[in-house]
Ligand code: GAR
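What follows is one chain in structure tokens, specifically the form predicted on its own.
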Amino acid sequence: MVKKKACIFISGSGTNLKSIIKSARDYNFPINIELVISNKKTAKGINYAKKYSIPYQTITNKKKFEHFAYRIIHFKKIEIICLAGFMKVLSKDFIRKFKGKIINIHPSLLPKFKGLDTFNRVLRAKEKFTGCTVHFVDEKLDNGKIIIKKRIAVKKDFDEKELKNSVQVLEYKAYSEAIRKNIYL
């Protein structure tokens, strides 16, 4: 199997990155992580890139982030970009350059609860179910074609932290499943 060259964009703890790295170590997994890019110097997820000897780049200049990211991605011949806890909205121009090649994970059952503060909004709305969605990125926020959804029941006594932890467990499975499902991205 010829694996696709992937780049993972992160901003924080990198737990989804860690999960994808573990999956990518399987011979039959369809991507090879060639690069990790973070927009935060303090992103703990960079430690996973270091631990698994994956080249990484931090680009903290907000105005030049996309320019530098594009150059590196183009140079490394990256074929798929996975946004994994990446907390920056990409421009329409950047998304157009990689149309159909960027996927994201969102901690809700899209189209519900797009954007930020998801867990708080789920709890305030007294939702019975929530989960996560892996989707292609298009020019609208949390809007692209859905690849996979995973759901859980929202327990009445959940607080935001418990809900977040439960959804993250789903995310770790969902992202790798979505990548496997779309082998020909």
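In this text the structure is predicted, and so the values were computed from the model without any measurement. Numbers for residues come from their place in the sequence shown, where the first is 1.
We do not show the form predicted together with the ligand, though everything after this point is about it.
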query	finding
Interface membership of Asp142, the ligand in the predicted bound form, 4.5 Å heavy atom rule	yes
Close approach of Gln168 to the ligand in the predicted bound form, 4.5 Å, heavy atom	yes
The ligand contact at Cys82 in the predicted bound form, heavy atom, 4.5 Å	no
Close approach of Ile105 to the ligand in the predicted bound form, 4.5 Å, heavy atom	yes
